[in-house]
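In the structure tokens that follow, a single protein chain appears in two forms: structure 1, then structure 2.
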Structure 1
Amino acid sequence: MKTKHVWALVMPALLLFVLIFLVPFLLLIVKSFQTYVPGTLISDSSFTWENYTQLFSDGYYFKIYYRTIRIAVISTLAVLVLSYPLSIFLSSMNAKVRGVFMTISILPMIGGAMIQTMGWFAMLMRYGTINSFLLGLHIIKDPIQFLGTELGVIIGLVQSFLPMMIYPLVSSLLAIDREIYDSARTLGARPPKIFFSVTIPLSAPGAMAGAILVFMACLTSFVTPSSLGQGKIQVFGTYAYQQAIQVMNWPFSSSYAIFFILSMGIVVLALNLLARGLRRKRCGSM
């Protein structure tokens, strides 16, 4: 296709992207160097580093930062552990049945964060499903506090983002030639051995891709920590919301968001390089 035709066809989308996606990011950078005038939405446009120095001067932000990462890491690991058995089960099905089950597995994502949160709210309440169940069986004497704790938030995050891991994982499991398992079996490997020596190494790129997606989603999640944390679990997303929507301190929330995205970007970039390394190593050995 000729270049001028390509540009003509791409232009509307590109225009929309520049106007609605790129410009807000640029504005974010500009605003982060301006000063908040309390009670107004128009900030003082003189240049200042103050929003950034504030980030480093108060340990509060580092606590949020640390908590956000901790929750994201734990949730991602839990997702990784839980997604393997299910993905192996899914990849062993015939195509038609698998399609139905894959569709069911993506429901937590397409159903929307709100419905999931509401369901968890019902289950994790003081006298919600889980506590009633445990109390009824006399396993516990007093209800467990889930809402407003990190545990509750992590449970919600893991459930919401499992599909993000399952999809890439199943497709990389399906890409493994069935005969590799057969040959491992004929060579005398037992199922656990096959899992660790064949399944995991060959599906690692897919798992890594999924893990990065889940990790990112956890870091920037907002609805789940806000609703299940009940304002007691302050993470990046909830604090950003508080600053931008409730306090309306836009210059500070801008610098806060930029600092967060940059530092997270480095982590994710490192993970990406690691993932690429994994892939290259595999190709190199073949």
Structure 2
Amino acid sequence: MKTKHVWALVMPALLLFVLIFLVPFLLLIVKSFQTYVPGTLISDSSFTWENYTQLFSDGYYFKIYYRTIRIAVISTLAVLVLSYPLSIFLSSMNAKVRGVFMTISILPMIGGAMIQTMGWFAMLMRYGTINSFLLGLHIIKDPIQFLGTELGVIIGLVQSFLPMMIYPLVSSLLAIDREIYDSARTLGARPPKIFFSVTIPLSAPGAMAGAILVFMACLTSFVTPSSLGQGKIQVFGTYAYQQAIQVMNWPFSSSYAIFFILSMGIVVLALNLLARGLRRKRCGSM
């Protein structure tokens, strides 16, 4: 295929990428070096490091970063633990039946985060479905406080992003040769041994890919922490929204976002390198 024909195919997607991602990101960088003028939407365009100086001089912002990362890590680990048995079950199904179940699993995401969050809001209320069920069984004496806590936010995030882990994990499990399991059983390995010695190592690339997707989704989530956190759980998304939309301090919110994006970019790069290493190790062992 001629080069000009290749560029003709690539240009629409490249133009879309530049307009939707690259240009806004560059504008964000420029805005981060401007000065906030209280009472107006127009920032002082003169170059300044003031926003970054403020960011690094106050530990409060790093507490928000730390809380965001902590919630994202816990949510990702919870999703990973819940996804493995479900993914193993799905990978053992007939292809048509598996397709139906995987379609059902992704339906909540199609409905949007707000619908899911409102459903959890009703279930996690002081006398909502979960507390009423536990009280009815006399498991607890007083209602558990879910809303306005990190626990409530984590529950919502885990349910919201579970499909992001299931899809790559199922694909990775389906790629494992069934004869490996037969060989392990022939050698006397029991199911727990097979799971930890065969399934986990060989499905690690898919698990890592899913973990990256879930981790990044949890880091940048806004609707779930905002609704289930009830303004008491301040994370990156809620604080960036507060500074940009409520306070109208676009320069500082830009610097706040830029630092977070660069930090998380380094983390994701490290995870990608780890995933590649696991993938090469798997290919070498097969």
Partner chain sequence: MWKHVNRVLSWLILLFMLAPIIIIFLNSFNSSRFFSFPPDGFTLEWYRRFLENNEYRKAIGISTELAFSAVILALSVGIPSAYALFKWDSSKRSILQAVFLSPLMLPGIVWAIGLIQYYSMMGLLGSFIGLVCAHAIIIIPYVIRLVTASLCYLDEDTEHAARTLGATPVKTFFSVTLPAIKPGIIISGIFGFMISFTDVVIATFIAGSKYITYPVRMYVELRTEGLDPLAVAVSAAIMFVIIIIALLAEKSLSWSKYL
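Computed from a predicted model, the values in this text were never measured in an experiment. Rigid core here is just the name for the largest C-alpha set that superposes within 1.5 Å across the two forms. By convention here, residues take numbers in order along the sequence of structure 1, the first being 1.
J.: Tell me which of the two structures is the form predicted together with the partner chain, please.
T.: It is the first structure (the form predicted together with the partner chain) rather than the second.
J.: So, superposing on the core, is the move of residue 266 at the CA at least 2 angstroms between the two structures?
T.: Shift at residue 266: below 2 Å after core fit.
J.: Answer yes if the CA of residue 17 moves 2 Å or more between the two structures after aligning the rigid core, and no otherwise.
T.: For residue 17, whose C-alpha is compared between the two structures after core superposition, the shift is 2 Å or more.
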